[in-house]
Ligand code: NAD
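Given as structure tokens, the chain that follows is alone and in the form predicted alone.
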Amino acid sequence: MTEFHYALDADGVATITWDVPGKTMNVMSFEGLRELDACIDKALADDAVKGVVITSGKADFAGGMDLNVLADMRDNAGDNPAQGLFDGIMSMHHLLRKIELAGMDRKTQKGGKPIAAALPGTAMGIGLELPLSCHRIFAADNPRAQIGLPEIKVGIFPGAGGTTRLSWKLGAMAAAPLLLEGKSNNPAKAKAAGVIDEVVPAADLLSAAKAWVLGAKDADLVKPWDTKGYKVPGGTPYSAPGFPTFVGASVMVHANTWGVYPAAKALLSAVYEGLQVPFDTALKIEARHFVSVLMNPSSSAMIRSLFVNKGALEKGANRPDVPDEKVSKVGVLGAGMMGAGIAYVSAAAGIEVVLLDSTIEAAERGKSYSTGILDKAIKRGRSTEEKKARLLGQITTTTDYADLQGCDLIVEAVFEDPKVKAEVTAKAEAVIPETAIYASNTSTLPITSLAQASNRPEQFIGIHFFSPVDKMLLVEIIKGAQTGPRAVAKALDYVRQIRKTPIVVNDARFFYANRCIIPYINEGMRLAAEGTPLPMVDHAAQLLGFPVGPLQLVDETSLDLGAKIAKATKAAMGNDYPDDAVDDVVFWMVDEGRLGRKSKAGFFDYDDAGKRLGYWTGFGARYPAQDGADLTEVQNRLMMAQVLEAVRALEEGVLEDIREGDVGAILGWGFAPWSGGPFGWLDIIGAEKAVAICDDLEARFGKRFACPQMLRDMAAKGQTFYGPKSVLKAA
């Protein structure tokens, strides 16, 4: 398979075109690296070649490295995987350094051949690291293109020289947002930031790059770090101006990661150490830190869940084998916060929307939610009045069910009351086509029960959005007892259209996400009521890698919602209801008018703008804080409250695929992304240790921590959820 194509024109410019067969976006493989290496050698050895342009045969330049290749390299490295990884990474450094030096004499810095990169579109990861080794970077004037180094978002950092080159080129402070946040820019902003050199009309991209190559002088080929006396912008770590930068960066990294994401710390270390040594030594330092991250199980877990598995689910890994079910017109019943958000994301995807509510005023308020989002986007330069008008034109507001005619999908988002939902189901089914799929956006009510109001239960399904709809990436699709494959396919195709990530689960109380979230919140409130200091409850979770602790989370979701869920759950479970201790806290706070952020009073105090001011000191009057709380115990309780529910969901068949359990947990409620999700976390600590923690917690705190039999059997057999010893493969 040829991934790089070589052509020499009459002017003596060799064009190396990256075009991976069978893919819409170029991704780098080790076979590709070998081909590129051979092309560079060929160009440098041929006297007829005056210079080189590296470009893409696709609309974009590259999406990055094939991360599966890195995993394979480690797995195939035998008894010394770290050495195998280091050797593989250094081979990339040698190739990019060869491009950078371009055959020049190292002493005279003359005799090299100019090499330019011509980027027609998006260039991410290795797709930017390769151009950074070239002598000049040209990008097409394509405002939709993104240029950046996003590796930190999947648990690694730019390890093919991007970390070193960008920090040496821009200085640590200017490079920090691009490296530590994975921020990307369009070509114009990338040029303004100093990441690339030229932005030219798309039609002139290759001709501009070739013209520069033919006119380049020896001095144009010498990188700043290869010149004598080069001073890095902003100063080195030991200089007066540079020292505060690294102190601040270290604080920022620890504030954002709470010490549980190894990649950010390793990246900062690579920059700090690399700026104190010669450039070639800095590349070796970068490689060593990169290998240390790749050897950490966290990186494997994050890559697996946030890259491989997330991508597979978005491409329909579990889609039934039925014809395309793309949505053309969706009816949204209920224009409250959820319905308004669903209408917006649907219209933004080009789908015609009918937004229905009991009054036209309510429907128009729902539509105004889209107006507010679009006005903010225009103010920030991310949209235009024309785009706003086009999107709003996709949304029709109404009170008349007859306007739902022609809808091929209905998404009901009315009040969480079975009677209300049954009423709107009957009204909608009276007018929508026989082939239409009907979906209920519910977070707690069983889909099988709601489907009893439908004349076509095989076409009835649950689509659970998370709030706020426009920002949350996850959508939970719930199959009722009679839901058919067409309904599942339609829901999956719709979620793909609105560019979100779906998981599919079977019907059960609280489905999957809320089944895990509610015990997490409840355990936090139990701890608080037992006298664990409120800050410790939340900070214990953040030290585990959760973006917010359970008390802050319940404030965001509102305590009165928790009270409603508790009453409904208790009515359904009777004597089996496990959370009376939690209800004492919830109902008391609701009676006190402390409903959370929306009432500007909850576990936190808030100012008039809704900004948190600090934990509510009045909580201690009823539940005094006690000394001696053990951090590890608090963390084990918070973690196991969620993880055990995930295992039970798999054991009971609510979850059918652990990939959905892990991806759903990370995207749905921010479950410790460094761990790869609850099943990834269990693999990291090992089933045997997990069982020991469960047995200890059950003995002291009750049966909610009872170890699932599946996990106990795994511990006895030395099994894991992923990998060659997977319990699922054995099953």
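Bear in mind the structure is a predicted one, so any value in this text is a computation, not a measurement. Counting begins at 1, following the sequence as shown.
This next part talks about the form predicted in complex with ligand NAD, which is not shown.
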Region of this chain that lies against ligand NAD in the model of the complex, out of 460 to 468, 109 to 117, 430 to 438, 538 to 546 [heavy atom, 4.5 Å]: 460 to 468
4.5 angstroms heavy atom contact with ligand NAD in the model of the complex for Asp357: yes
Distance check, Tyr401 to ligand NAD in the model of the complex, heavy atom within 4.5 Å: yes
Exercise: Phe415 in contact with ligand NAD in the model of the complex, heavy atom 4.5 Å: yes
Interface membership of Leu306, ligand NAD in the model of the complex, 4.5 Å heavy atom rule: no
Of Gly148, Gly334, Gly331, Pro131, the one that lies within 4.5 Å of ligand NAD in the model of the complex (heavy atoms): Gly334
Sole residue of Ser454, Thr532, Ser443, Thr397 within 4.5 Å of ligand NAD in the model of the complex, by heavy atom: Ser443
